[in-house]
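As a starting point, one isolated chain is supplied in structure tokens, in the form predicted alone.
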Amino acid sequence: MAKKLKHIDDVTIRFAGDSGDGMQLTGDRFTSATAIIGNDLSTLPDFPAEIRAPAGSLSGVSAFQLHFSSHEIFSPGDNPDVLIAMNPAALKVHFDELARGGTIIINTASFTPKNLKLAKYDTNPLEDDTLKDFVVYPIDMSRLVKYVCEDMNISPKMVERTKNMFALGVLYWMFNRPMDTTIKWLKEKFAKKPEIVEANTRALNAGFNYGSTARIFTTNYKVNAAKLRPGTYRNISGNYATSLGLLAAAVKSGLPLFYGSYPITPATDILHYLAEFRNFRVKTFQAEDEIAGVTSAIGAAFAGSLAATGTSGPGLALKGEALGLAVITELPLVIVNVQRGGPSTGLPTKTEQADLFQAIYGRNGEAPIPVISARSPGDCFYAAFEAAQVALKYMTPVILLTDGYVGNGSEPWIIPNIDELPEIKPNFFKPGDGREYLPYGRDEESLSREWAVPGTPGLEHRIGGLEKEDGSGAVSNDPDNHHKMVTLRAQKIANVVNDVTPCRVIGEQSGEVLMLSWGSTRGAARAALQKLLKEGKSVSHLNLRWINPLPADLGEILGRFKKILIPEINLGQLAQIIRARYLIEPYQLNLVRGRPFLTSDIINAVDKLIG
């Protein structure tokens, strides 16, 4: 039967199934194949919060969304055009978000009375009118993979686990993706288990061939490569980009890198990635708790390393006291906070932006720390590099805020030339020039104190949590000295503004509405801007990178617009800072759902403001 080939500009696909159905792996493999073609893409992995939710239950559904296009995109998409539902629970959880008239590919073998009951279906949606407004492709994937593997001496359980590769093969045919990258990956991943390679390869080919021969499929689609900036690209996740950014900063500064951390979702991958770079003078330490993780990093900074630690919101709370120690000792340290839903354990696998106040204010005493945020997975590299630059120049801890969406999501990333990255010159004291070493002697411009590696002859010194005398570093209880040191530390952080890049407004430089975002909300805001400008709306966009200190030109820019809209995945933390600092009343868009903003959320909010 002849098939039609249809060209489309972009598409959003969501893979959904039980947490044991391999949806994250399936989505990752489709992403890799899409990156090879040259499409621009953005992904959103969505993990269940429970470690072992009951199979087939609504709470156990795992999903992976991918938006890919022939032009530049900024978000993982709103409503999926295609839903792959491996069981009834996956269909129930994601059905309402599917674009009307969209495509649903269903594994019919899982629609048993038991699974329908677990998904809280009273009747089988394949047999009633539930799906009447959609294009539905019912496929008994379990039966078909059993058939293609029937001559192999492997267990039925192993055969059943290949059904995700069958679904992937169908999608590869439907959207003209190459299969060779996945087959190569299978051979490398399971090199010592050839029977797994063979079974999954058979299932993948069977799915592809089913798409090309089954009469139910009449059309497949082609999305041309995007016209991106010239360069060598790779697909990269935010946590991996963060790891590379820290490593690049260590190389450019000539320092060894130490990363001390305690495993916590969704930041743990940074520890795993950096552990692979031991040949680059990287030392990783999996601590017994959050406090040990950060204090080990403070010790490494004292000893002359570029030191970093990573965590999520609950861990940042535990690290708070030690961060005060890093502030008073004035040691360089990068703290990565991959934010997740809270409070307490909250939504450990979901995303949120609710740690902004904690990052800026969450310590006892006057303990200011610079705060920078990453806007996308690829930007995590540059945000981590910049955080390290500031930490080493100003001899201060710096907090880098990412979040679960940015950390686990991925996008095409142009590989930078390491020679083009700026050099980083640590502020080490240079012995032999006749000067006495003063632990709290300062650079006149930056107010950064000079760094000395313990054990260097003539540079013996002692620092700690008790207040120190300006210059000498001797323990001091003098009230005037304490006021002076508090003021100096605050001014030093304020001086970071000299290294903050001026704001960049996208769109008109003045007008009706300015969308002011920070961190990962930039993606949905930029996508909304594209559509709003096409409609002729007077709207512009500015995404903040540094939040403490705020850019020097921000106040003047805000004054050019009639209305300021601040979208945040919290209840208005940046809005409160802007209100207090600039005495303006911003409009707030606050949705705390454990997921990124939809483009439509922001478009609707702007339309209400404009009228």
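Since the model is a prediction, treat every value here as computed from it, not as a measurement. Start at 1 with the first residue shown and count on from there.
Same protein, other form: the form predicted together with a further copy of the same chain, not shown, and the subject of what follows.
Contact with a further copy of the same chain in the predicted complex, defined as a heavy atom within 4.5 Å, holds for exactly one of F190, F357, Y147, F428, namely F357.
Of the residues G313, G169, P370, P88, just one reaches a further copy of the same chain in the predicted complex with a heavy atom at 4.5 Å or closer; this is G313. Contact annotation: S448 falls outside 4.5 Å of a further copy of the same chain in the predicted complex, judged by heavy atom distances. S70 falls outside the set of residues with a heavy atom inside 4.5 Å of a further copy of the same chain in the predicted complex. When contacts are judged by a 4.5 Å heavy atom cut-off, Y361 counts as touching a further copy of the same chain in the predicted complex. a further copy of the same chain is not drawn, but in the predicted complex it has no heavy atom within 4.5 Å of N548. Residue heavy atoms within 4.5 Å of a further copy of the same chain in the predicted complex occur in exactly one stretch of 121-129, 349-357, 134-142, 500-508, and that stretch is 349-357. Looking at 577-597, the residues that come within 4.5 Å of a further copy of the same chain in the predicted complex, counting any heavy atom, are R579, A580, R581, L583, I584, E585, N590, L591, V592, R593, G594, R595.
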